[in-house]
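Only one chain is given next, in structure tokens, and it is the form predicted on its own.
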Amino acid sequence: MNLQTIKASCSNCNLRELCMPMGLDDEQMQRIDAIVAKRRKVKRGSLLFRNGETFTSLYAIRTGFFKTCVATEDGRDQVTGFQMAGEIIGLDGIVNDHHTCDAVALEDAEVCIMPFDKLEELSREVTALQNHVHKVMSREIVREHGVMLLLGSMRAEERLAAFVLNLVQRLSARGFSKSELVLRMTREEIGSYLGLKLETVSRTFSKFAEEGIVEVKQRHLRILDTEALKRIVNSQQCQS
């Protein structure tokens, strides 16, 4: 693991609006800058933190893509989420002061380290920061509820359509294309996250391609018909 750290500055970061609260004055921003003092580079395939490790910090992803996963009883890795630039990772460690999953870089990545004790201390003084931390936690709860719905009641086509729509929506919020993306994760990792076999993921992508909904070239995905994907997801909601 590359533990190289360099000075970070939230005040001039182009992802500031995604992982920091809006409307902070210069003095408040400087205080946050003092806390988020270091960045860390994580090589592709390396761990940012592992299951059971003592929790000390939250991490704002500056560049790159991560997956979180837990080992099942039979030794397989169960993917529990995918995180991208502008998102905060490590919230799982707050409840028991230990991380409950592994966080693995899917490509070379860089994170800003936010020591949680200092963040908590400053949150008591800067209300906007406290509210933001609560929103980030709430967003994670909502995401987990969404995953439970996905796994509990959706067919394979609905799961994959919802996954692609969610991914492209998050990427477009970061200024990327609304219709083209490079999948940083493997088909197997997508299947693990969605509760589908590898063959089912590949077959469903092929079905979408045959129907003119997407164009797939290895990890490059182009959405040709966004409305069709939305209809696939909404058909489940209409039936329930």
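What you see is a predicted model, and the numbers here were worked out from it, not measured in a lab. Note that residue numbering follows the sequence shown and begins at 1.
The protein also exists as the form predicted together with another copy of the chain; that form is not presented, and the subsequent description refers to it.
The three residues 73, 80 and 137 all sit with a heavy atom within 4.5 Å of another copy of the chain in the predicted bound form. In the predicted bound form, at least one heavy atom of residue 100 sits within 4.5 Å of a heavy atom of another copy of the chain. The shortest heavy atom separation between residue 163 and another copy of the chain in the predicted bound form exceeds 4.5 Å.
In the predicted bound form, another copy of the chain lies farther than 4.5 Å from every heavy atom of residue 174. Proximity of residue 127 to another copy of the chain in the predicted bound form: non-hydrogen atoms within 4.5 Å are present.
Interface residues of 87 to 116, taken as those with a heavy atom within 4.5 Å of another copy of the chain in the predicted bound form (partner not displayed): 91, 92, 93, 94, 95, 97, 100, 101, 116, in sequence order.
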